[in-house]
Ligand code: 5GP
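Quick setup: one chain, the form predicted alone, written in structure tokens, and binding and motion questions come after.
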């Protein structure tokens, strides 16, 4: 799905004086980077902007300019001229931010998920884009706003995390073209790369040990399955965000074509991360189970026990392999 609409988004923003910028639940680098980049750009235009997310910004992203300004929707009772969702593939991924729609006169969104149904009044969607932050370069140009050093930090974070530090097959020429513009702002790429990809907290390392300890291979090693219980998190002093990238360790095993990580979450649901190597895809699997995402990286939350739901997801992934 490719319907980029930077001019339409720009027009909606120009008509608004107050804007609520919303990220998706369990935020990652792309949704946080997109929201904070737009916050900076709109503030430069003289707009009154507030960024919202149901869940807290992960600790490893707390360094981003304006990260401390995120609020939960229930912490603010203001009305807004425009709700702008960034990197939110469907309304369900807005979580409690969906309540803001009742207090917003209009809605718009910028997103790079091919499964996005176009739920806003004004939509800019490109399922082929490597990251929503990649798309924002065009949108900032349409707004006539300057690409500042702080905005560059936010955009780099989204692009690099969604492309696996420029190693996933979604990485395309546009990603490097945008990076060329970001580097011209004096982007401290070595420092940022260290912080995002080569530094891990003790809690995350301990949790990785728990995940690896649960690892089992199925279908002659083609599917890797890992599980984490709430006790695992408690034993390691770890947070949910510390598990976000651990599924990749299963996929990096020689001969493995799909991997899943299931973990018990604080809301009582079981959260699954699904990954695949080309030519296999997991977005359709996730969608059938009530989730969504990208061809090679998707997620879903399910009701039930960790054991039962893991078997359900694993069975669907085995069908995909066969």
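Since the structure is predicted, the reported quantities are computational estimates derived from the model, not experimental observations. Residue numbers count along the first chain shown, from 1.
Note that the form predicted together with this ligand isn't included here; everything after this is about it.
Within this chain, residue 130 is remote from the site of this ligand in the model of the complex, having no heavy atom within 4.5 Å. At the 4.5 Å threshold, heavy atoms of residue 124 stay clear of this ligand in the model of the complex, well away from it. Within this chain, residue 113 lines the site of this ligand in the model of the complex, having a heavy atom no more than 4.5 Å away. With a 4.5 Å cutoff on heavy atoms, residue 309 does not count as touching this ligand in the model of the complex; it lies far away.
Checking 20, 313, 300, 9 for any heavy atom within 4.5 Å of this ligand in the model of the complex turns up a single hit: 300. Contact with this ligand in the model of the complex, judged by any heavy atom within 4.5 Å, is made by just one of 109, 89, 160, 134: 89. Proximity to this ligand in the model of the complex, taken as heavy atoms within 4.5 Å, picks out 292-300 from the listed stretches 45-53, 32-40, 64-72, 292-300. Scanning 17-39 for heavy atoms within 4.5 Å of this ligand in the model of the complex gives just one residue, 24.
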